[in-house]
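Encoded as structure tokens, the following chain is the form predicted alone, with no partner shown.
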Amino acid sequence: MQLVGLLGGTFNPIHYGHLRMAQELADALNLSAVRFIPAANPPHKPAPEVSAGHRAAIVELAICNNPLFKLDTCELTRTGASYTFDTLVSLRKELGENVALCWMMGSDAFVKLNTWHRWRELLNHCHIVLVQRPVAENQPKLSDELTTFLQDHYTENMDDLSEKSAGYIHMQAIPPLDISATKIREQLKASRSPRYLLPDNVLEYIATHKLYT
């Protein structure tokens, strides 16, 4: 079964940490494609100061030279909060049942999965691929219900992901890049250059449109 990776986020802005993670997972899991899905109205974060249209444009610039990568604007065309559950339902209708969808997320984000809309139903529509992240000092521990959820669906075997279209949680270790969109925004606001943390064409777009100033 073909595997398609899904990487959601505000991408505010997209940077090499996002891009390298997507490439590492594409190689490790033999993904046929990775869809970058900018959130229009993220339910767990304050509304980004930069519009969804600009954030989608810089994602498109960042991935334009990689044939594996594709911009998916499904959340930009929906009204209301950008719920992952709704996105997965939409993608499943689009791609059918013969494609395995792999929602990619950091282990730090998984700690808060039980606050997501209809989180228990996510695995009806996708696999979850966790990227191991360093544990921050203030990071909360995994709750009992998420521990059980992880244990009930976890697989070490990558081949399992191509046997079913959804239902597994898999952990993949990749070399981390210590790059933060928050730090990039801080550098731009302070008139310092974040060059080499994100693609040059993205930086040029940000400068042209006077974003993050």
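Sequential numbering from 1, following the sequence displayed. Computed from a predicted model, the values in this text were never measured in an experiment.
What follows is about the form predicted in complex with a small molecule, which we do not show.
When contacts are judged by a 4.5 Å heavy atom cut-off, residue 197 does not count as touching the small molecule in the model of the complex. In the model of the complex, none of the heavy atoms of residue 28 sits within 4.5 Å of a heavy atom of the small molecule.
Residue contact with the small molecule in the model of the complex: residue 203 places no heavy atom within 4.5 Å of it. Shown alone here, residue 166 lies farther than 4.5 Å from the small molecule in the model of the complex, counting heavy atoms only. Only one of 118-126, 82-90, 105-113, 69-77 places residue heavy atoms within 4.5 angstroms of the small molecule in the model of the complex, namely 105-113.
Contact check for 3, 33 and 158: none of the three has a heavy atom within 4.5 Å of the small molecule in the model of the complex. Here is the short version: of 188, 50, 179, 146, the single residue with a heavy atom within 4.5 Å of the small molecule in the model of the complex is 179.
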